[in-house]
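Okay, so here's just one chain, in structure tokens, the form predicted on its own.
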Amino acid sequence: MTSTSFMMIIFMILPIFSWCATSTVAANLSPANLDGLKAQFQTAMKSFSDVASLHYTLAGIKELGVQPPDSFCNDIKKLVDKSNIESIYHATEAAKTLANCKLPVEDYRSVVTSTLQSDKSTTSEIYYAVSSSVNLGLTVDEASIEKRLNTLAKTDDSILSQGYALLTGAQLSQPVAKFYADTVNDLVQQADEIDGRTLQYEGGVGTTALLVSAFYEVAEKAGAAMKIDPKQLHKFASYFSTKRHVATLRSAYYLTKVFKYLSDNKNTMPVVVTRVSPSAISAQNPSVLVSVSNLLGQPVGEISVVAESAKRKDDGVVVISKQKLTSKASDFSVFELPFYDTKIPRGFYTIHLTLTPRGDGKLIGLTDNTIDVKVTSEGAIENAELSVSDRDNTAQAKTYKLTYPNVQSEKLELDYHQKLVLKFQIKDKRTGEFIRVQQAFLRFTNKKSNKEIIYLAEATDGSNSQYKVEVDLQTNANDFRHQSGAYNAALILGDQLLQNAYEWKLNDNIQLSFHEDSQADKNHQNLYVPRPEIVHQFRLDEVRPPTVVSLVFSALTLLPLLILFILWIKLGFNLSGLPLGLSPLGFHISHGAVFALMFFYWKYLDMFQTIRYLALISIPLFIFGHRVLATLAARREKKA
């Protein structure tokens, strides 16, 4: 296959998969992946490494309606760390999920009490201690806990800390819970809005689910409705519905918990509208089936569904307006919309649905629900012909009429002076119109090597939409790698709006002859074999001169100093002109310090450190040197 043809195929196929992968637009909610959550918990129940995992697994599986066996009580007692408040919290919560599992209260009393009394306890530790106290039947001092939470709120205002404060308030008395329930709206305003359709908190699904669960718990304990705008609640639900898989047991547990709160008919409940029938509408599948449920997939009660409109995506033409759907189930969970009609042309359509519940229900998400469908048709290949002609058109072309799905039995022989041309049309059987398809290819297959060469069939402009493929054996010889021999040819057709794809073998015996020597096929398997290991080699150290050379150069460097000492010994020292006093002494000390600094620069210091020290030494050196020179000049004037 040529690289150009291959890329064309990829670009043609990708839009098909991208559309098919999305059955509804992003505004719709999706039912919770309860099977995935249950499987995650059941897998975790086979082995535990810590008591926290045990807690989240047992509590999560119980939220899904499965009662864990009491045999896990021994695991709880074995895994709990009696000196750690978080471990105690997980142990008491895990034990609460079992029908008969009592933990020894006195083993945990001291740690729980010290945590509640300590000024260093964090908000999460306060929550762990309060929950453990409630689970173990210990009394708590609400006044001191409330005071401690108020102090922590001033030093730690993170969203997770505020969530633990809500959970703690839900464990205390109703007045305290009511105080924290009044702060829910402020916490909702701190959520991050994504694309105008979802709300979440920093920290991901685990943190967001914990916070929303805390909203429900503290409101339930306060005996008041949760103070959150329905649109904001729907955005939280939209975020949770996108989480098909979660990484941790903690996130899975809180996600399961929040799904139950959002699906409780005592609370404001988001409605989930999904298409349960295939997206392709045809004579065999003429209706659209729509499911109406909560996030757990349960019915929401008696409700009516109306298709406000069904618009074609290409041009916005409305084909259905104000049509009521028919309930197909006694619990009003599935509705049917007849859609297939000879007047509705093939294409992609978006159906806008509006839901109206019976009575004053607490349902949200009743409008702006959309379903995507496509009307397909059956195609027919007509006016297909295969012709062989000279490249310069000097001789009359040989044309062969083809009929789908028959295979041409006559042998075709072509050499490098000729070309092969395929023409055909595709007709919509329902409307009788000639149509275009997204994929139309002519494929040659070498019968010996099974190598495939694919060419794109292009449609001509106009209403007839005739497709044409022209293969010149001279200009396209490189595609075949000049390999003469027997080939077969097949036509490949595909489209999202066609009920069936086509792979029509046109001729099973086409003999091609090229004038140049054949080239060997590229072994594409070599692209995936391991390459030789690249071993990095650092640059080798430069070769240093022999030690003798270094010693010689060092001796030459010290030679002027040696000459100075010899001349001093021979000529003698003259120290009579050296003035005495503080300035000469300071000058020589400063001068010596400069030489000492040079030594330190050579051994220890870098350039910038040396310059900094030299700037300090140069100040006394300049002052004392100036005074010494002034003293010597004054002596010369006096002698003169």
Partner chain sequence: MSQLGQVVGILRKLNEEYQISTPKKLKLIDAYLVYVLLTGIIQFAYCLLVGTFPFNSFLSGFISTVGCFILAASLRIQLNKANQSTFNVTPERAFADFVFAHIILHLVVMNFIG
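Positions refer to the first chain, counted from 1. Definition used throughout: the rigid core is the maximal C-alpha set that superposes within 1.5 Å between two forms. Note that the structure is predicted; figures quoted are calculated from it, not measured.
Separately, the form predicted in complex with the partner chain exists; it is not shown, and the next lines address it.
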>> Can you work out whether S330 and the partner chain are in contact in the predicted bound form, taking contact to mean some heavy atom pair no more than 4.5 Å apart?
In response: no
> Hey, in the predicted bound form, does G572 get a heavy atom within 4.5 angstroms of the partner chain?
Replying inline: yes
> Even though the partner chain is not shown here, does P545 get within 4.5 Å of it in the predicted bound form, heavy atoms only?
Replying inline: yes
> Is W568 close enough to the partner chain in the predicted bound form to count, meaning some heavy atom within 4.5 Å?
Replying inline: yes
>> Check for me whether the partner chain, as it appears in the predicted bound form, comes within 4.5 angstroms of all of L422, Q474 and F480 - heavy atoms only.
In response: no
> Of the residues L578, I611, L34, V66, which one places a heavy atom within 4.5 Å of the partner chain in the predicted bound form?
Replying inline: I611
>> At 4.5 Å between heavy atoms, only one of the stretches 560-568, 509-517, 370-378, 207-215 reaches the partner chain in the predicted bound form; which one is it?
In response: 560-568
> Using a 4.5 Å cut-off on heavy atoms, which residues of 582-606 contact the partner chain in the predicted bound form?
Replying inline: F587, H591, V594, F595, M598, Y601, W602
>> With a threshold of 2 Å on the C-alpha, tell me if S554 counts as moved between the shown form and the other one once the core is superposed.
In response: yes
> 2 Å or more on the CA of N33 between the shown form and the other one, with the rigid core superposed, yes or no?
Replying inline: no
>> Given a superposition on the rigid core, I'd like a yes or no on whether K603 shifts its C-alpha by 2 Å or more between the shown form and the other one.
In response: yes
